[in-house]
Structures are given as structure tokens and as C-alpha cells.
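Single chain ahead, by itself, as C-alpha cells, in the form predicted alone.
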Amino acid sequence: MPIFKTPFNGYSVKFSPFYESRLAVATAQNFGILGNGRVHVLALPPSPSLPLSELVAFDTADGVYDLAWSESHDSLLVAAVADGSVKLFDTALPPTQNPLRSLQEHTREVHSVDYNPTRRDSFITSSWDDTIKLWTLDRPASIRTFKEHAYCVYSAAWNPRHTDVFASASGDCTVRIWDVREPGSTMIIPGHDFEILSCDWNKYDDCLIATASVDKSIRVWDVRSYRAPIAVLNGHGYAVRKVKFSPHHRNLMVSCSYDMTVCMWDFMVEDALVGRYDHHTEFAVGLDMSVLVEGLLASTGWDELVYVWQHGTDPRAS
């Protein structure tokens, strides 16, 4: 299956919501500790035996930790950067005309960005400055800052159905549910005893949310009754860096971990682990599932490789 070698360490990968053969990768030099960053926009080859090709790349002075495609403009990308900035890139324009905008408000590294899938004009960023910020494309400043977490906010994700609702996962071991119309968070879930690195909403049941933690587990919660998780998924050997629900199947999700593996889970069955891929040779930190092509996965990691493969096949097979 197609592979791409990045000059820097991979941090995040996202399929385009408009073109089934397009994806973007966020990378950072020196494992994101110090150095430059680069955003790669890649195209899938017409044949799986051919490599991924680069359509365009954008350089940044600092590492890029995450990115999100716009849901309203097919060429627009939003990048979360280590210097605290949020940068907007137009992939239809040459690198010399990018970034379109650099939004500098966060006071520490921006760790995640998520574009609103229903409103389509707004996005949220989360940062190591313990805050989440809400932005719209047409404004040069954020609309609102959400500050309740006591430590880094590693991930923030919009609810797929409720336009104003999002969740945030933090190193303070909680997940908070927010409604942008309310003054504060509407729910606090003490999800794990260790840092929570990622969260994602189920795409078919808008009351279900998954959390991934340094404690090596993934937990699935029903926000209507969250005293105990409805599922606990164990199988990773180290911290779980990212968790993502399938866009096509209610009960399926994928995760990636510092144990270098990507796992597929069915959280409704007893033997929940339905697939494990060990193609990475360093921390696996970036992961996505295509909305447009069922079963198509992409991952990236600190081994400077991007893999795209169909679930059930070997990511390394050419």
C-alpha cells in the first residue's frame, strides 16, 4: 500500500473531506522538541503499488502538531503550531502566498485543531496553555476562550450532530463537555487516573464519547450516565495517543499508541480488539479514517513515514 517518507517526524494525518485521494500530514523536526515544521499535502496513487505523491508543502518556523481540513473550502487547511500560532493555508496557492493568516493568541504550543462539521465556518484549537479557543474564518481574533482545565488540553472535538457542543481532553485527567452558548462547561467526566491525550465522539450515537489515556486504555462513555464507562479497551502496551470513531460503523474505532501500533476495536463485543497493525518503528501518533472511502486508514509517526492502507491488508505490502 502507498507510503510517503517525510523529512521530519510525523504528528498528524487527515483525509480530505472533499477528495478521496487527498490527505494532509503535519510534521515537526527533532521529535517536536525544537526546530521547524512542515505541512505536506499528498495524493494517493492510481495504483496501490505506487508511492504517495506530494502536491504541495508548506514550511513553518516551528513544529506542526495537528491540522484540520476546512469543511467549507476544499483547499483550506488549519494548522496547530508549536509556537502557539494557528495558521491557515490555501493548498491551491503556492507556498510563497501562504500562510493566508497566522493567528497568534495561545501562549503555549497548540496541540489540536478540529473543524466544525455541521456549522462549517468555525473551528476550535486546544493548547498546552490549558485553554480551548473558538475561531471563525472571517475573524482575525478568536471569538471565545474556554479556560477551566488545570493542565494542558491535548485534544478538543466537535460533536458530529450538535453544532454548539464539543469535548476537551486534558492532562488534568478529565474530559469536559462544553456548549458554546453556556458560560462554563456543562459536564466534567473524571475519565482516567492519568492524563487523557485524546477524545472523539461517536458518529452514529451523539451521546457516546471515547477517551484515550496514558494509562494505556481507551474508555467509552455515555454522557447521559457517565459514572462508569460502558466499555474499557485494554491492549496497548503504552500510552494511547489518539482515538477515532469510524465514520461508517457505529461500533468500530481506531487508536494509535506509543507502543508503535495502530489498533482497530469493536467496543460492543467482549474480544474488542479486531485488528492490530505494527508497521511503525517509532511512536505512532497520527491516525485517521477516510469519510469518503470505507475502511481506508492513514497513520504517521516518529519514524517519518506516512502509511495509507485498507483495513484488513498489510500497510507495508507493496
Partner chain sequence: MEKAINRQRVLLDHLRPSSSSSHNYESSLSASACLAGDSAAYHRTSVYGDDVVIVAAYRTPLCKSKRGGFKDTHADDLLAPVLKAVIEKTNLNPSEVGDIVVGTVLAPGSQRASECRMAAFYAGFPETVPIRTVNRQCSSGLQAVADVAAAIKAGFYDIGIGAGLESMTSNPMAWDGDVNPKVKAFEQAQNCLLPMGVTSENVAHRFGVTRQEQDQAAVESHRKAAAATASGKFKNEIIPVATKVYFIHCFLSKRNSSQVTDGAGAVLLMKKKCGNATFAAVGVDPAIMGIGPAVAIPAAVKAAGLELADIDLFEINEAFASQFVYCRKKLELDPEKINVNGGAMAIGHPLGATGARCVATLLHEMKRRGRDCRFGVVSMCIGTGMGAAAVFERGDAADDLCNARRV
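Positions refer to the first chain, counted from 1. The structure displayed is predicted, hence computed values, not measured ones.
Keep in mind the form predicted together with the partner chain is missing from the figure; the text below concerns it.
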item	value
Listed residue that, although the partner chain is not shown, lies within 4.5 Å of it in the model of the complex (heavy atoms), from Leu208, Ile177, Ala82, Leu233	Ala82
The unique member of Pro190, Gly184, Pro95, Pro140 whose heavy atoms fall within 4.5 Å of the partner chain in the model of the complex	Pro95
Close approach of Trp302 to the partner chain in the model of the complex, 4.5 Å, heavy atom	yes
is_contact(Tyr258, the partner chain) in the model of the complex, heavy atom dist at most 4.5 Å	yes
Contact label in the model of the complex: His248 to the partner chain, heavy atom within 4.5 Å	no
Contact label in the model of the complex: Lys216 to the partner chain, heavy atom within 4.5 Å	yes
Tyr19, Val41 and Leu292 all contacting the partner chain in the model of the complex, non-hydrogen atom within 4.5 Å	no
Contact segment among 119 to 127, 200 to 208, 233 to 241, 159 to 167, judged by heavy atoms lying within 4.5 Å of the partner chain in the model of the complex	233 to 241
Contacts with the partner chain in the model of the complex - residues in 151 to 190 whose heavy atoms fall within 4.5 Å	Tyr151, Tyr154
